[in-house]
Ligand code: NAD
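One chain follows as structure tokens, the form predicted on its own.
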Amino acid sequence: MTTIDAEALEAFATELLGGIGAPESIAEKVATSLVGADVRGHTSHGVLRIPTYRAMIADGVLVPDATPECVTDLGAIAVVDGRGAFGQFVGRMAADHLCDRASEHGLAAVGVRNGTHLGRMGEWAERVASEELCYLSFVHTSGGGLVVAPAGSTTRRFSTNPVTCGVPTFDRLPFPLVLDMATSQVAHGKLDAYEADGRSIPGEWAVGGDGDPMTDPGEMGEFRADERWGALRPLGGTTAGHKGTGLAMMAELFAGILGGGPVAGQREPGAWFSNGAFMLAVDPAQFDDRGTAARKVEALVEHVRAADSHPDVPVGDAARDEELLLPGEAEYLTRRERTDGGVPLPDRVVDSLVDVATECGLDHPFTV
């Protein structure tokens, strides 16, 4: 494990993204998002992704100098076509539009298509909540990158199709309440992070082609691999996977119908992923005054925190700690730690970044 200062990592990521074709202004925005994910503890959506982006550029599915375009603008309703640009650039445009229009109209909805990889959706929830707006989104991969099997199956039929919610806390907490969850047992990137750490995954997360639990994340194959490889289980696993399957279908349809991109089943298996999304922002002040909303947030937080922590009842394998944290609290605590103490990167991630830097003729800040 290598620990690096967050500012140094962001500067290196900016240079590396420039080396694979991003203009400086775009590279800076994407690097801010990637390192922001690392700083918050989401290695799966951090600089680990840069080698994947390089492969997407080589295959012509990510256009590093492209600019997203708002192709439909009806005031409170808009559609953003990412045009194959870096997804963090696309997501930033969509979130900014949401904030502007929800502040004006009381609510706003934005569909997104051709967004490549929108990154950590919690970033956009945080952005919207910072304007004291509520946020909801559904995301799919436009029929590509299928890695999740329906309940009772080993066949890949969905992506991880995340659902994300954000609620402002009106200064009652130093962070917004943000739920950013896959409709599979875990995000696909979580397997990448475990593989980079050389760790086995819990048997409840994924299933092999033979129907047995899969514990080696390397057996998952590439994000574009066909269904001969293993598959992630739907949220709920062997107990309530039918619920995760239903959520995945709804996310697929909301993102596909309202974003405008193809849904699973409309593209050939093994195609590259390209995020589509439906994002909604609502001004709570249009329904009641902010003081009332703040008191409700405060009361619920106190109510939840008052629950006893039982040593024999685990929080879960994918949780940050052994104690219950509020949605968005783990990211807040991790960001505080890593802003001062640096960002830990697994050796395999460092090696992959060094390889890209070497191929681009760039220096790197690591000792290898």
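Fair warning: this is a prediction, and the values are worked out from it, not measured in the lab. Residue numbers here begin at 1 and follow the sequence given.
From this point on, the text means the form predicted together with nicotinamide-adenine-dinucleotide, which you will not see here.
- For the three marked residues, A109, G261 and L280, no heavy atom of any sits within 4.5 Å of nicotinamide-adenine-dinucleotide in the predicted complex.
- Mapping the unseen interface onto this chain, R113 falls outside it, with no heavy atom inside 4.5 Å of nicotinamide-adenine-dinucleotide in the predicted complex.
- Although the partner is absent here, G256 sits far enough away that none of its heavy atoms falls within 4.5 Å of nicotinamide-adenine-dinucleotide in the predicted complex.
- Contact annotation: D59 falls outside 4.5 Å of nicotinamide-adenine-dinucleotide in the predicted complex, judged by heavy atom distances.
- nicotinamide-adenine-dinucleotide is not shown here, and in the predicted complex it never comes within 4.5 Å of any heavy atom of H97.
- Just one listed stretch, out of 211-219, 73-81, 172-180, 127-135, contacts nicotinamide-adenine-dinucleotide in the predicted complex at the 4.5 Å heavy atom level, and that stretch is 172-180.
- The contact with nicotinamide-adenine-dinucleotide in the predicted complex, taken as any heavy atom within 4.5 Å, belongs to K190 out of R157, K190, R92, R267.
- Scanning P68, P64, P327, P51 against nicotinamide-adenine-dinucleotide in the predicted complex with a 4.5 Å heavy atom cut-off leaves one residue, P327.
- Residues of 37-75 placing a heavy atom within 4.5 Å of nicotinamide-adenine-dinucleotide in the predicted complex, in sequence order: H42, H45.
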